[in-house]
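Just the one chain here, the form predicted alone, laid out as structure tokens.
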Amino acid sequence: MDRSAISTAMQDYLKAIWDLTRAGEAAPTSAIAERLEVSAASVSGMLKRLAALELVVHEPYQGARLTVTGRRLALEMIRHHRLIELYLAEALGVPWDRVHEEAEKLEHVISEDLERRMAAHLGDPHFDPHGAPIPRMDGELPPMPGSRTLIEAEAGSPLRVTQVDDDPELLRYLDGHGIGLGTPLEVVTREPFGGPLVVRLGRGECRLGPEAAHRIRVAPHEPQESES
């Protein structure tokens, strides 16, 4: 099925279901409704339409899963979105906390030719400005570097930031602390009872709350001589 044959709203549903089913479970109606900020009744109606087009498998009270065709279309939209984010950031200098909103508008309207031109201009990139993988033309995701959330990291180990959620408020918060993709850091201590993490950045330290730490992914980092 061609992308132009389904509506913008349907495309948004496919993206949301893909994101909500990555852990292997079906996407509950309530979770889809929360993600898209619509009523549960609206979700139920749309899932019936998507099922009729053989884009999802929907079992009442069990949730929804994408079919092979639905997954292909969802990943195509995600590829558009993340390529646009990277193009806006690298070619136009749009701050990383603003590219998501702009990409949400543009992902539905760019042509396949423009998509290919953007990818070529960017050197066929694997990751967007927030470190999320960009699906390849064949619909597969590039391998992710071994990473875990900052909240899971052991204290005292050199780390680098590999991915962050694309929430604008979070990104502005991280900017305020000097944290971006590739930033080397180290967990110093965790305050008890769900308190903040004390994180060392260069010669300084900052505190990050558990919610922020859950939304930052890190990988082991080998410091270079210039960082010592």
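Nothing here was measured: the structure is a model prediction, and the numbers come from that model. Residue indices: 1-based, along the sequence shown.
Although it is not shown, the form predicted in complex with the DNA is what the next lines describe.
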Review point. Want to guess which of 184-192, 34-42, 197-205, 156-164 is within 4.5 Å of the DNA in the predicted complex, heavy atoms only?
Key: 34-42
Practice item. Sort through 213, 20, 219, 10 and report the residue having a heavy atom within 4.5 Å of the DNA in the predicted complex. Key: 10
Exercise for review: Check whether residue 172 has any heavy atom within 4.5 Å of a heavy atom of the DNA in the predicted complex, and answer yes or no.
Suggested key: no
Check your understanding: Is residue 177 close enough to touch the DNA in the predicted complex, meaning at least one heavy atom pair within 4.5 Å?
Key -> no
**Study point:** Residue contact check: residue 46 to the DNA in the predicted complex, 4.5 Å heavy atom
**Key:** yes
Check your understanding: Does residue 168 make contact with the DNA in the predicted complex, using a 4.5 Å heavy atom cut-off?
Key -> no
Review point. Is any part of 56-70 within 4.5 angstroms of the DNA in the predicted complex by a non-hydrogen atom, and which residues would that be?
Key: 58, 60, 61, 62
